[in-house]
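Shown below, as structure tokens, is a lone chain in the form predicted alone; questions about how it binds or moves come after it.
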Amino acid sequence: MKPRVALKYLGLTPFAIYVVIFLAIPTILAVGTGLFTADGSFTTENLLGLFAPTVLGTFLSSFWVSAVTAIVGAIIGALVCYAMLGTRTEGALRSIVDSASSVLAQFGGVMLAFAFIAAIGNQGLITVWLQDAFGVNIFENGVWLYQVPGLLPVYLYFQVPLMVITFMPALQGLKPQWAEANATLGGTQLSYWVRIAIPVLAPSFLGSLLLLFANAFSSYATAAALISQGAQIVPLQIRSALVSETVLGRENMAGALALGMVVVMVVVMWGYSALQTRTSRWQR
């Protein structure tokens, strides 16, 4: 290997060390425990536990919460990006939206859960105001905020900004020459979007959609702060397997659940990478 090439790869050493210590090793240890019993003997009982009705139910809940928030967040975020195309790139409005999206996309966990509880919880500000002013009780059919459906508006709070961050560069990459060529050939605005813009943007949109799905599927802290009873999604099921009593012979069930999550995440991120590769072809 040439010295110059070796120096180029040497610059990646700190990042590689970080990935190995904080990502690769913990993942291997977490997944590996699912293949062994408490006394260190190899077993497949934990993997068979993934097909138990309760576990399949938690995976199904995680799937539909992630899918709904990803689809709705992607659509709303794409509309926001489209609206922002009419503003100046260096303008104040674009800067505010970009900055707010960057901050809100990372705003989660206990603080986000507390914000929603304080706003629309049982005794939240908006809940009390609606009940006093209009006699409307948004909790009369159950405490939905503290159950799986309550995760939908909470997750959308950071899903929409994440979509804005990831999809805006794709919209900005649409070349004006394409619209001009379409108009020169007698095309309409509708034909431009149907035949040119949407097919070009589709891989980027689908890639962002998969990224939002992965983001919601792996979220833990926000759900843990809202849902204190039960293990209704996979991350909470892993917590339950770690802190509560387990079925005899399946003491390391948390590792098997982690393996299931890793498989899902690998498939999703592989799809995201493939779509991003296709998108980069026309953005060069």
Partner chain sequence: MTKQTVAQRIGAEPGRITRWVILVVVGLVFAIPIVSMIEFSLSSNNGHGYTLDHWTGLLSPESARTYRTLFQGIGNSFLLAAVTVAIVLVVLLPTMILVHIQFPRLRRVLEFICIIPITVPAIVLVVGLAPVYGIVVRVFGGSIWTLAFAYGITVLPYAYRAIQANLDAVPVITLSEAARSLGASWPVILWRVLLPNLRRGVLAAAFISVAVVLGEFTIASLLNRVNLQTALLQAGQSDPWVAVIFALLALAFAFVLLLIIGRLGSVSRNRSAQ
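Predicted model, so just to flag it, every value in this text is computed and none were measured. Positions refer to the first chain, counted from 1. Take the two forms, superpose them, and find the largest set of C-alpha atoms that agree within 1.5 Å; that set is the rigid core.
The next section is about a form of this same protein that is not shown, the form predicted together with its partner chain.
Can any non-hydrogen atom of A274 be found within 4.5 angstroms of its partner chain in the predicted bound form?
A274: no contact with its partner chain in the predicted bound form.
Might T27 be said to contact its partner chain in the predicted bound form, defining contact as any heavy atom within 4.5 Å?
Judged by the heavy-atom cut-off of 4.5 Å, T27 is in contact with its partner chain in the predicted bound form.
Is D132 part of the interface with its partner chain in the predicted bound form - any heavy atom within 4.5 Å?
So D132 does not count as contacting its partner chain.
Do V194 and its partner chain come within 4.5 Å of each other in the predicted bound form, heavy atoms counted?
Heavy-atom contact with its partner chain at 4.5 Å: absent for V194.
A83, I138, I71, A202 - the one with a heavy atom within 4.5 Å of its partner chain in the predicted bound form:
Here the answer is residue option A83.
Please pick, from L47, V55, A67, A224, the one residue with any non-hydrogen atom lying within 4.5 angstroms of its partner chain in the predicted bound form.
Exactly one listed residue reaches within 4.5 Å, namely A224.
Interface residues of 99 to 128 toward its partner chain, as seen in the predicted bound form [heavy atoms, 4.5 Å]
Residues within 4.5 Å: S99, A100, S102, V103, L104, Q106, F107, V110, M111, F114, A115, F116, A118, A119, L125, I126.
So that I can tell if I21 moves, could you say whether its C-alpha shifts by at least 2 Å between this form and the one not shown after the core superposition?
True for I21: a C-alpha shift of 2 Å or more.
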